[in-house]
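Next come structure tokens for two forms of one protein chain, structure 1 first, structure 2 second.
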Structure 1
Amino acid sequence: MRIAVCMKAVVDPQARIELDGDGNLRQEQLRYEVNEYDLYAVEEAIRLVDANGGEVTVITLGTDGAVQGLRKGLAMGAADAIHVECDPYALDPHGVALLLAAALRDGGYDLVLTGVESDDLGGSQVGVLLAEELDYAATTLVVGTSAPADGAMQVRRELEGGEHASVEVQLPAVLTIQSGINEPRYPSLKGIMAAKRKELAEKTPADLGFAEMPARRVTALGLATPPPRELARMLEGSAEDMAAELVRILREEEKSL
């Protein structure tokens, strides 16, 4: 079976987030890492092809910062990778789905896996929008898969309140993968070295039939830092001075010691 896994580069939560004077995000100082949910999707895809035969393709949209995710997917065991070079900040979830669908439509994929959501935006939209564009069946919040049989697959979905449901999905299909379905493997040194030598299939929106970027249906009107909290207090000085002042505040002002 042929499986494609969509990966996303998200801002490292430890990166310093700042806005410029116009309220725009300062992107030049951001660091990126692979979206955690996508690693579960890659691992599940590799396990499925290991058990049933086939190959895995990983795909991402973005600039050069997104390529490291593809390299990690290749190091984990994916056979090849597709990089669609574009500015992801110019796209909303619908635009992302349009470009991904254009890149995957002629690949003959039996399954397309995505993480259930992204660590940065958490919208949980791209997977189902992608299924609509590809005219594939879609199942979300998947926490278990099984071997395909007779053009279908049994999957286990997470529901609210700790409940689960087993459903049959007809192939081809898009599954959004929930965390906890597996334990993503650490790439071996051999896999890492092999991944560095593999060529990426480089695409642009023009290559995919788009004369211009898909129009946004959702637009961010502005960004702002959170207002300072009234109870927040910044202490200055040496570690010893700050510790002494903190103890004084807790003892004399907050009466908690």
Structure 2
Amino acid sequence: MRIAVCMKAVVDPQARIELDGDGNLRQEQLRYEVNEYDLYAVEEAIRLVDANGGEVTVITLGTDGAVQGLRKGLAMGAADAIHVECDPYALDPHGVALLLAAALRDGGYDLVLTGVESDDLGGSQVGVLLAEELDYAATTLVVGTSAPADGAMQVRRELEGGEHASVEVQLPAVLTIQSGINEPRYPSLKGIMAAKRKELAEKTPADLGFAEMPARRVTALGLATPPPRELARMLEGSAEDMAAELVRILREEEKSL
């Protein structure tokens, strides 16, 4: 089977996040890394082809900084990689889906895997939008897959409160992959070396038939720091002082011990 995996480079959520005077993200201090959910998707794709034969392609839409994610996908075991060169923040989710669909349409993929959501400005929609553009079936929040049979595969969808639904989905399909489905492997040194030598298929929006960027259906009005909420009473001092003070509060003031 042929599987494509969408990988996005996102702002490292552990990085210190600040806005400049114009309300833009302070670029110089940002670090980027692969969206965590997408690593689960890469791992699942590799396991599926290991068990059932086939090849994995990884694809990212991003600036040059995004290709390190593709190298990681290759090092984990993907056979090839597509880089759609474009600033993802200049597009809305529909635009991202249009460009990814254009890059994947002729690839003959049986499956396209994405993460459930991107951990930056994204919002859990590119996978399903992509399925609609490609006219593929789609299932979201997938925490288990099985071997494909008769042009379909059975997957497990995670619902709320510990409930799961098993769903049969016809191929070709897009699955959005939820964390916990597997344990993403660490690339081997050999894999890393081999990945460095691989050629990436470089595509510009123009190569994909987009003379202009797709029109936005959602416009960005700006970023802000969240309005201050009632914050916890923060304790101060050395670790020992704070521990003693907390015990005193819990015993004497809250009477919860």
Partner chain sequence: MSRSIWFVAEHQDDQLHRGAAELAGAARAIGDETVAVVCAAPGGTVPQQVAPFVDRVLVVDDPALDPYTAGLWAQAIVALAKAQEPAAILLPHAPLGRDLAPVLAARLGAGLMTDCLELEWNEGLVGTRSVLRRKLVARERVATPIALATCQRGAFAAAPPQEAGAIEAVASSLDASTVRTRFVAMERAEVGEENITEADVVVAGGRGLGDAEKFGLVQELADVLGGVMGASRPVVDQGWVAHDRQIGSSGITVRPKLYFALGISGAVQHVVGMRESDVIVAINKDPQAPIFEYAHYGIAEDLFKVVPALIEALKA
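Here the structure is a predicted model, which means the values were calculated and not measured. Reference numbering: structure 1, starting with residue 1. Shifts are known only where both forms have a C-alpha. Definition used throughout: the rigid core is the maximal C-alpha set that superposes within 1.5 Å between two forms.
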Completion exercise
In this pair, it is the form predicted together with its partner chain that is given as structure 2
Problem - Core-superposed comparison between structures 1 and 2, R26 Cα displacement 2 Å or beyond - result: yes
Practice task
Using a superposition on the rigid core, decide whether the Cα position of V11 changes by 2 angstroms or more between structures 1 and 2.
Solution key: no
Fill in the blank from the handout: A243: Cα shift between structures 1 and 2 after core superposition, Å, came to 13.0
Problem - Where the chain shifts between structures 1 and 2 once the rigid core is fitted, runs of at least 3 with Cα moving 2 Å or more - result: 13 to 30, 223 to 257
